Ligand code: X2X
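Given as C-alpha coordinates, the chain that follows is alone and in the form predicted on its own.
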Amino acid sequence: MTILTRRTMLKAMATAPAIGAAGAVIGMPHVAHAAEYELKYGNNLPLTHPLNIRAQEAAARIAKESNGKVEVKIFPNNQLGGDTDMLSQVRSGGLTFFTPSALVIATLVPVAAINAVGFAFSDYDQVWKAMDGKLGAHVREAISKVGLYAFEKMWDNGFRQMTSGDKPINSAADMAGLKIRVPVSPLSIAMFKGLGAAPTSLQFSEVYSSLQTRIVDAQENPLPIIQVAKLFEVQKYCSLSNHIWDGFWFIANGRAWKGLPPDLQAIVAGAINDAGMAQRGDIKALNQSVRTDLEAKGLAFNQPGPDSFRAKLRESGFYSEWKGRFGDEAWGLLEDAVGKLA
(Lines give C-alpha, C1' and ligand atoms only; values in the text may rest on other atoms or scores of the structure.)
Protein backbone atom coordinates (compact mmCIF):
# COMPACT_ATOMS: atom_id res chain seq x y z
CA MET A 1 0.00 0.00 0.00
CA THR A 2 1.26 3.47 -0.88
CA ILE A 3 1.62 5.73 2.15
CA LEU A 4 0.96 9.42 1.50
CA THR A 5 3.14 11.81 3.47
CA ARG A 6 2.92 15.58 3.24
CA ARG A 7 5.91 15.47 0.89
CA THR A 8 4.33 12.92 -1.41
CA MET A 9 1.07 14.84 -1.35
CA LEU A 10 2.90 17.99 -2.48
CA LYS A 11 4.57 15.96 -5.20
CA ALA A 12 1.16 14.72 -6.27
CA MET A 13 0.01 18.33 -6.59
CA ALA A 14 2.69 18.89 -9.21
CA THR A 15 2.10 15.66 -11.10
CA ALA A 16 -1.68 15.26 -10.76
CA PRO A 17 -3.64 14.92 -14.01
CA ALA A 18 -4.85 18.22 -15.39
CA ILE A 19 -8.49 19.18 -15.07
CA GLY A 20 -10.21 20.00 -18.31
CA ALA A 21 -12.66 22.81 -18.86
CA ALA A 22 -15.58 20.53 -18.06
CA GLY A 23 -13.90 19.29 -14.91
CA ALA A 24 -13.14 15.78 -16.11
CA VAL A 25 -9.88 14.20 -15.09
CA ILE A 26 -7.45 14.08 -17.98
CA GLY A 27 -4.64 11.58 -18.07
CA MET A 28 -6.50 8.30 -17.62
CA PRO A 29 -4.99 5.36 -19.54
CA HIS A 30 -5.55 5.72 -23.27
CA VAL A 31 -8.35 3.62 -24.69
CA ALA A 32 -8.87 3.01 -28.41
CA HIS A 33 -12.64 3.48 -28.28
CA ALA A 34 -15.01 5.62 -26.25
CA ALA A 35 -16.01 4.00 -23.01
CA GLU A 36 -19.34 2.19 -22.93
CA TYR A 37 -20.01 3.65 -19.49
CA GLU A 38 -18.94 7.17 -18.52
CA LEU A 39 -19.44 7.71 -14.81
CA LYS A 40 -19.26 11.21 -13.29
CA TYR A 41 -17.96 11.59 -9.74
CA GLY A 42 -18.22 14.88 -7.84
CA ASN A 43 -16.81 15.90 -4.47
CA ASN A 44 -16.04 19.00 -2.41
CA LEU A 45 -12.30 18.51 -1.81
CA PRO A 46 -9.18 19.79 -3.62
CA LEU A 47 -7.54 17.55 -6.19
CA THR A 48 -4.55 17.18 -3.86
CA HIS A 49 -6.57 15.79 -0.93
CA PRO A 50 -5.99 12.06 -0.20
CA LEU A 51 -9.59 11.37 -1.17
CA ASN A 52 -9.02 12.63 -4.71
CA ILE A 53 -5.56 11.09 -5.04
CA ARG A 54 -6.98 7.68 -4.18
CA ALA A 55 -10.06 8.26 -6.35
CA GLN A 56 -7.77 8.90 -9.34
CA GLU A 57 -5.99 5.62 -8.62
CA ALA A 58 -9.36 3.86 -8.51
CA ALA A 59 -10.40 5.46 -11.82
CA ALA A 60 -7.19 4.30 -13.50
CA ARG A 61 -7.64 0.78 -12.14
CA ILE A 62 -11.27 0.67 -13.31
CA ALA A 63 -10.31 1.77 -16.83
CA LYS A 64 -7.57 -0.87 -16.97
CA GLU A 65 -9.51 -3.79 -15.49
CA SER A 66 -12.60 -3.05 -17.60
CA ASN A 67 -10.49 -2.83 -20.77
CA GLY A 68 -11.70 0.71 -21.30
CA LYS A 69 -15.40 -0.10 -20.98
CA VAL A 70 -15.77 2.11 -17.89
CA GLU A 71 -14.41 5.63 -17.50
CA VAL A 72 -14.75 7.55 -14.24
CA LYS A 73 -14.55 11.33 -14.65
CA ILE A 74 -13.71 13.23 -11.46
CA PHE A 75 -15.02 16.71 -10.69
CA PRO A 76 -13.29 17.88 -7.48
CA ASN A 77 -13.49 21.00 -5.35
CA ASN A 78 -17.22 21.77 -5.70
CA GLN A 79 -16.94 22.17 -9.49
CA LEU A 80 -20.49 20.83 -9.81
CA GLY A 81 -21.89 22.84 -6.90
CA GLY A 82 -22.11 22.53 -3.13
CA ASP A 83 -22.98 19.43 -1.14
CA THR A 84 -26.72 20.02 -1.39
CA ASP A 85 -26.46 20.50 -5.16
CA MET A 86 -24.41 17.34 -5.67
CA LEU A 87 -26.68 15.28 -3.43
CA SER A 88 -29.61 16.39 -5.59
CA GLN A 89 -27.68 15.60 -8.78
CA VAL A 90 -26.73 12.09 -7.70
CA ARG A 91 -30.35 11.42 -6.78
CA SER A 92 -31.60 12.62 -10.17
CA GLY A 93 -28.90 10.78 -12.13
CA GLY A 94 -27.07 13.86 -13.39
CA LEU A 95 -24.12 12.66 -11.31
CA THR A 96 -23.16 8.99 -10.90
CA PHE A 97 -21.04 9.19 -7.73
CA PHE A 98 -20.76 11.57 -4.80
CA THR A 99 -18.96 11.40 -1.44
CA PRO A 100 -21.05 13.31 1.11
CA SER A 101 -20.06 13.32 4.74
CA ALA A 102 -22.44 11.40 6.96
CA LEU A 103 -23.83 14.68 8.30
CA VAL A 104 -24.67 15.82 4.76
CA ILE A 105 -26.48 12.65 3.72
CA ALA A 106 -28.27 12.69 7.08
CA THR A 107 -30.43 15.52 5.70
CA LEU A 108 -31.92 12.82 3.47
CA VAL A 109 -31.31 9.70 5.59
CA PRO A 110 -31.44 10.79 9.28
CA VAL A 111 -29.92 7.58 10.70
CA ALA A 112 -26.74 8.31 8.72
CA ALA A 113 -25.79 10.87 11.39
CA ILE A 114 -25.48 8.18 14.06
CA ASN A 115 -21.69 8.00 13.66
CA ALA A 116 -21.57 11.65 14.87
CA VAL A 117 -23.08 10.91 18.29
CA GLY A 118 -20.91 12.68 20.86
CA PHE A 119 -18.08 10.63 22.39
CA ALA A 120 -19.44 7.42 20.89
CA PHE A 121 -16.08 6.27 19.52
CA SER A 122 -12.93 6.19 21.63
CA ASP A 123 -10.64 5.35 18.71
CA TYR A 124 -10.49 4.16 15.11
CA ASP A 125 -10.74 0.50 16.11
CA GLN A 126 -14.27 1.20 17.35
CA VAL A 127 -15.11 3.34 14.32
CA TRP A 128 -14.26 0.66 11.79
CA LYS A 129 -15.78 -2.11 13.90
CA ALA A 130 -19.08 -0.26 13.66
CA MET A 131 -18.95 1.20 10.16
CA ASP A 132 -17.45 -1.91 8.50
CA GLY A 133 -19.86 -4.05 10.48
CA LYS A 134 -23.56 -4.23 11.26
CA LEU A 135 -24.10 -0.51 11.93
CA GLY A 136 -22.64 0.41 8.55
CA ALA A 137 -24.81 -2.22 6.87
CA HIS A 138 -27.88 -0.79 8.61
CA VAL A 139 -27.09 2.72 7.34
CA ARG A 140 -26.39 1.44 3.81
CA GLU A 141 -29.78 -0.26 3.80
CA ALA A 142 -31.43 3.02 4.80
CA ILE A 143 -29.53 4.82 2.03
CA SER A 144 -30.77 2.26 -0.51
CA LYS A 145 -34.37 3.15 0.34
CA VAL A 146 -33.93 6.64 -1.13
CA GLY A 147 -32.70 5.31 -4.48
CA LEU A 148 -28.97 5.44 -3.79
CA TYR A 149 -26.30 2.75 -3.54
CA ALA A 150 -23.63 3.06 -0.83
CA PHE A 151 -20.35 1.22 -1.28
CA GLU A 152 -19.26 -1.07 1.52
CA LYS A 153 -16.25 0.90 2.79
CA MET A 154 -16.61 4.40 4.20
CA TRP A 155 -13.81 6.89 3.56
CA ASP A 156 -12.33 8.83 6.46
CA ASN A 157 -13.13 12.46 7.27
CA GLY A 158 -11.45 12.34 10.68
CA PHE A 159 -12.14 12.97 14.33
CA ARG A 160 -12.99 16.45 15.56
CA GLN A 161 -10.87 17.93 18.34
CA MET A 162 -11.36 20.87 20.71
CA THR A 163 -9.07 23.88 21.07
CA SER A 164 -9.24 26.46 23.84
CA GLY A 165 -7.56 29.67 24.91
CA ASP A 166 -7.49 29.73 28.70
CA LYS A 167 -6.92 26.15 29.83
CA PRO A 168 -6.82 22.62 28.42
CA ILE A 169 -9.99 20.54 28.48
CA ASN A 170 -9.20 17.48 30.57
CA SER A 171 -12.68 16.38 31.60
CA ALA A 172 -16.35 17.25 31.28
CA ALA A 173 -16.02 19.59 34.26
CA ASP A 174 -13.89 21.89 32.10
CA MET A 175 -16.83 22.35 29.71
CA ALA A 176 -19.03 24.19 32.22
CA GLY A 177 -19.98 27.57 30.74
CA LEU A 178 -17.37 27.28 27.98
CA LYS A 179 -18.21 29.56 25.06
CA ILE A 180 -17.46 27.28 22.13
CA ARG A 181 -18.11 27.76 18.43
CA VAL A 182 -19.90 24.83 16.78
CA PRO A 183 -21.26 24.29 13.26
CA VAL A 184 -24.97 24.64 12.57
CA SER A 185 -25.82 21.04 13.44
CA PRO A 186 -28.61 20.04 15.85
CA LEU A 187 -26.60 17.02 17.00
CA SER A 188 -23.49 19.09 17.78
CA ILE A 189 -25.43 21.85 19.52
CA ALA A 190 -27.32 19.32 21.65
CA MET A 191 -24.09 17.55 22.62
CA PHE A 192 -22.31 20.69 23.83
CA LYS A 193 -25.39 21.89 25.70
CA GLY A 194 -25.56 18.48 27.33
CA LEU A 195 -21.95 18.93 28.47
CA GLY A 196 -22.85 22.22 30.14
CA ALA A 197 -21.08 24.41 27.58
CA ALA A 198 -22.48 27.49 25.87
CA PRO A 199 -22.33 26.58 22.16
CA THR A 200 -22.53 29.34 19.56
CA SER A 201 -23.16 28.61 15.88
CA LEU A 202 -20.98 30.78 13.63
CA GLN A 203 -19.94 30.57 10.01
CA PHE A 204 -16.45 29.14 9.70
CA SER A 205 -15.20 32.38 8.17
CA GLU A 206 -15.94 34.08 11.50
CA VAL A 207 -14.11 31.61 13.73
CA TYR A 208 -10.63 33.18 13.76
CA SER A 209 -11.82 36.70 14.53
CA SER A 210 -14.33 35.46 17.11
CA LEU A 211 -11.57 33.61 18.97
CA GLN A 212 -9.26 36.61 18.65
CA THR A 213 -11.84 39.02 20.11
CA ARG A 214 -13.02 36.49 22.70
CA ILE A 215 -16.58 36.34 21.45
CA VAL A 216 -15.96 32.62 21.95
CA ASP A 217 -13.21 30.94 23.95
CA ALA A 218 -13.00 27.63 22.12
CA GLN A 219 -13.82 25.81 18.89
CA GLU A 220 -13.76 22.27 17.48
CA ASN A 221 -12.55 20.92 14.14
CA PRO A 222 -10.32 18.20 12.66
CA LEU A 223 -6.59 18.90 13.01
CA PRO A 224 -5.95 19.77 9.33
CA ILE A 225 -8.60 22.50 9.52
CA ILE A 226 -7.01 23.90 12.70
CA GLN A 227 -3.72 24.03 10.83
CA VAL A 228 -4.96 25.57 7.59
CA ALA A 229 -7.07 28.20 9.36
CA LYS A 230 -4.09 29.11 11.61
CA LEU A 231 -6.21 28.79 14.72
CA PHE A 232 -3.02 28.06 16.68
CA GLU A 233 -2.42 31.82 16.50
CA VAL A 234 -5.47 32.50 18.68
CA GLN A 235 -5.65 29.30 20.76
CA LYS A 236 -3.18 27.81 23.25
CA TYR A 237 -4.44 24.29 23.84
CA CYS A 238 -5.68 21.38 21.75
CA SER A 239 -7.52 18.60 23.53
CA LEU A 240 -7.58 15.39 21.49
CA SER A 241 -11.13 14.63 22.55
CA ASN A 242 -12.21 12.64 19.48
CA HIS A 243 -15.68 13.85 20.39
CA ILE A 244 -17.18 13.32 16.92
CA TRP A 245 -16.04 11.11 14.07
CA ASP A 246 -17.28 11.75 10.57
CA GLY A 247 -16.69 9.92 7.33
CA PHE A 248 -17.60 10.04 3.65
CA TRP A 249 -20.10 7.62 2.19
CA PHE A 250 -19.17 6.82 -1.41
CA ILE A 251 -22.62 6.71 -2.98
CA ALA A 252 -23.97 6.05 -6.46
CA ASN A 253 -27.22 6.76 -8.24
CA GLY A 254 -29.20 3.56 -7.78
CA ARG A 255 -30.46 3.28 -11.36
CA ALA A 256 -27.01 3.90 -12.83
CA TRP A 257 -25.47 1.31 -10.53
CA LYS A 258 -28.05 -1.32 -11.40
CA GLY A 259 -27.47 -0.55 -15.08
CA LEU A 260 -23.87 -1.78 -14.89
CA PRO A 261 -23.37 -5.47 -15.75
CA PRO A 262 -22.39 -7.59 -12.71
CA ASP A 263 -18.80 -8.09 -13.89
CA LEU A 264 -18.29 -4.33 -14.21
CA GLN A 265 -19.99 -3.72 -10.86
CA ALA A 266 -17.42 -6.04 -9.29
CA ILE A 267 -14.53 -4.14 -10.91
CA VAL A 268 -15.84 -0.72 -9.87
CA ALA A 269 -16.74 -1.77 -6.32
CA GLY A 270 -13.42 -3.50 -5.81
CA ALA A 271 -11.43 -0.47 -6.92
CA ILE A 272 -13.48 2.03 -4.92
CA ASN A 273 -13.50 -0.01 -1.72
CA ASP A 274 -9.76 -0.69 -1.92
CA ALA A 275 -9.08 3.01 -2.56
CA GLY A 276 -11.18 3.88 0.49
CA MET A 277 -9.13 1.56 2.67
CA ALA A 278 -5.91 3.21 1.45
CA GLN A 279 -7.35 6.68 2.05
CA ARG A 280 -8.00 5.77 5.69
CA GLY A 281 -4.29 5.18 6.18
CA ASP A 282 -3.49 8.45 4.43
CA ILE A 283 -5.69 10.46 6.81
CA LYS A 284 -4.16 8.78 9.85
CA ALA A 285 -0.65 9.67 8.67
CA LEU A 286 -1.70 13.19 7.72
CA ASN A 287 -3.18 13.84 11.17
CA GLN A 288 0.07 12.76 12.83
CA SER A 289 2.18 15.06 10.66
CA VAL A 290 -0.23 17.95 11.29
CA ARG A 291 -0.01 17.43 15.04
CA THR A 292 3.79 17.59 14.87
CA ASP A 293 3.56 20.84 12.91
CA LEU A 294 1.04 22.38 15.32
CA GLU A 295 3.17 21.44 18.32
CA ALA A 296 6.13 23.16 16.68
CA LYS A 297 3.95 26.27 16.34
CA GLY A 298 3.27 26.28 20.08
CA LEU A 299 -0.07 24.52 20.41
CA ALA A 300 -0.08 22.37 23.56
CA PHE A 301 -1.75 18.96 23.25
CA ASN A 302 -3.48 16.77 25.82
CA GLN A 303 -5.64 13.68 25.46
CA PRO A 304 -8.63 13.42 27.81
CA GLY A 305 -10.42 10.11 28.19
CA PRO A 306 -14.08 9.81 27.17
CA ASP A 307 -15.53 8.54 30.48
CA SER A 308 -16.38 11.85 32.19
CA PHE A 309 -17.88 13.25 28.99
CA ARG A 310 -20.01 10.18 28.44
CA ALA A 311 -21.19 10.29 32.05
CA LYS A 312 -22.22 13.93 31.69
CA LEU A 313 -24.08 13.27 28.44
CA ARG A 314 -25.83 10.32 30.03
CA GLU A 315 -26.81 12.42 33.03
CA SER A 316 -28.12 15.29 30.89
CA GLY A 317 -30.33 12.98 28.84
CA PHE A 318 -28.47 13.54 25.57
CA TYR A 319 -27.99 9.84 24.82
CA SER A 320 -31.58 8.96 25.72
CA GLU A 321 -32.92 11.70 23.44
CA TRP A 322 -30.87 10.64 20.44
CA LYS A 323 -31.49 6.96 21.04
CA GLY A 324 -35.15 7.81 20.59
CA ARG A 325 -34.43 9.75 17.41
CA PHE A 326 -32.27 7.08 15.78
CA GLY A 327 -34.34 4.12 16.97
CA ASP A 328 -33.56 1.12 19.16
CA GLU A 329 -32.17 -1.04 16.35
CA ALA A 330 -29.56 1.45 15.11
CA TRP A 331 -28.64 2.47 18.65
CA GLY A 332 -28.17 -1.16 19.67
CA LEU A 333 -25.80 -1.72 16.74
CA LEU A 334 -23.80 1.36 17.77
CA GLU A 335 -23.53 0.10 21.33
CA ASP A 336 -22.46 -3.34 20.12
CA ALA A 337 -19.32 -1.64 18.78
CA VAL A 338 -18.63 0.98 21.46
CA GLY A 339 -20.25 -0.27 24.66
CA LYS A 340 -23.18 1.05 26.65
CA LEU A 341 -24.02 4.72 26.10
CA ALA A 342 -27.64 5.32 27.08
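From 1 onward, residues are counted along the sequence shown. Because the structure is predicted, anything quoted here is derived from the model rather than measured. In this text, rigid core is short for the largest set of C-alphas that superpose within 1.5 Å between two forms.
From this point on, the text means the form predicted in complex with the ligand, which you will not see here.
Distance criterion of 4.5 Å from any heavy atom to the ligand in the model of the complex singles out 101 from the list 101, 89, 210, 126. Taking 217, 246, 71, 174 one by one, only a single residue has any non-hydrogen atom within 4.5 Å of the ligand in the model of the complex, and it is 246. Partner contacts here mean any heavy atom within 4.5 Å of the ligand in the model of the complex, and among 249-257, 139-147, 155-163, 265-273 they occur only in 155-163. Each of 83, 183 and 221 comes within 4.5 Å of the ligand in the model of the complex, counting any heavy atom.
Put simply, residue 106 is far from the ligand in the model of the complex: not one heavy atom of it is within 4.5 Å. Taking non-hydrogen atoms only, residue 300 never approaches the ligand to within 4.5 angstroms in the model of the complex.
At the 4.5 Å threshold, heavy atoms of residue 277 stay clear of the ligand in the model of the complex, well away from it.
The closest heavy atom approach of residue 311 to the ligand in the model of the complex falls outside 4.5 Å. Contacts of stretch 283-322 with the ligand in the model of the complex, defined by any heavy atom lying within 4.5 Å, are made by none of its residues.
Once you line up the core between the shown form and the other one, the Cα of residue 143 stays within less than 2 Å of where it was. Core-superposed comparison between the shown form and the other one: CA of residue 253 displaced by less than 2 Å. Once both forms are fitted on their rigid core, the CA atom of residue 73 lies less than 2 Å apart between the shown form and the other one.
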